[in-house]
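What follows is a single chain, given as structure tokens, in the form predicted on its own.
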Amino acid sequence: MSFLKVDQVVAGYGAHDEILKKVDMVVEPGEIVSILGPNGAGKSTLLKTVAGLVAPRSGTVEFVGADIAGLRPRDVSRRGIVFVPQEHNIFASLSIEENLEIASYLDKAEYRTRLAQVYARMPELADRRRLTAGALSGGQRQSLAMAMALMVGPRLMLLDEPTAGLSPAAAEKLFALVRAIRDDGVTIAMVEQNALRSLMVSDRAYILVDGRNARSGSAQELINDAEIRQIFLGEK
């Protein structure tokens, strides 16, 4: 039994809009799995389907052996899966700590414990806890969004382009945070445009093209593949 198993999933946003075309994906406990590919390949749609934001038309999505395809996002979250979107992922007018308090709505009894854990992992947020979230830098906002996800006590975190628009230095800090969260026991599936850097922090990866599986394998195998480096990593 796989931790997360997506099998032959077809999904889209409209009656005749087919974005995912029989996509497969497996994520095992303790892994970081990258989902790569060109724009419009269906990467974010795949994460949203797992998160319950998009209902599959066919195929199955199983989490720890249970069918979760078509469940409401709240019910998916209750099972331990949390989705961090690329944008609009914090409440800019509220303080950092107010954002974290709102994020704990599923299990308020654990609020204080998880708040302490988040601040221990991300002391820069603890130092700014009273600061309005809208005043944070791009990298700090993404850190806060991931901290909010941790307030749910997730087993699986789905990250949609966490380093988009960040400076190289800020992106490096985010990738380090991703590894640290995995080391703390949270499995991660991540969509990223920075393919090479994403592979460098991942265990395995799936490459989608036009809504279909194109390649998959260990991160190191894909990094070492000359064709992959040329087509997807921009090398000649």
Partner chain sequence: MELLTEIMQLVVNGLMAGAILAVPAIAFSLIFAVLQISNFSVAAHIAIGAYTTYVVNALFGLPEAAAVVCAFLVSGSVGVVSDHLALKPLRTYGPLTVAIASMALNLVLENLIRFGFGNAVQALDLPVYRNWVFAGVHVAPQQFFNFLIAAGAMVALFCLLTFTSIGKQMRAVADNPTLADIKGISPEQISRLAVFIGMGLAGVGGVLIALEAAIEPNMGFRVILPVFAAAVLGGLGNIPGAVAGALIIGVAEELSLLALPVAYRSAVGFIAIIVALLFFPRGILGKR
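A quick note: this is a predicted structure, and the numbers were derived from the prediction, not measured. Positions refer to the first chain, counted from 1. For clarity, a rigid core is taken as the largest C-alpha set superposing within 1.5 Å between two forms.
One more form of this protein should be noted, the form predicted together with the partner chain, which is absent from this view; the next part is about it.
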Query raised in the report: the partner chain isn't shown here, but in the predicted complex, which of 91-99, 115-123, 135-143, 161-169 has heavy atoms within 4.5 Å of it?
Result: 91-99
Query raised in the report: Is the gap between A103 and the partner chain in the predicted complex 4.5 Å or less for some heavy atom pair?
Result: yes
Query - Non-hydrogen atom contact P85 with the partner chain in the predicted complex at 4.5 angstroms - result: yes
Report task. Report whether the minimum heavy atom distance between L156 and the partner chain in the predicted complex is within 4.5 Å. Result -> no
Query raised in the report: Counting only non-hydrogen atoms and a 4.5 angstroms cut-off, does I68 reach the partner chain in the predicted complex?
Result: no
Query raised in the report: Which of these residues, L53, V201, L177, V33, gets a heavy atom within 4.5 Å of the partner chain in the predicted complex?
Result: L53
Query raised in the report: When you measure heavy atoms, are R74, R78 and A149 every one within 4.5 angstroms of the partner chain in the predicted complex?
Result: yes
Query raised in the report: When you overlay the rigid core, is the Cα of L131 off by 2 Å or more between this form and the one not shown?
Result: yes
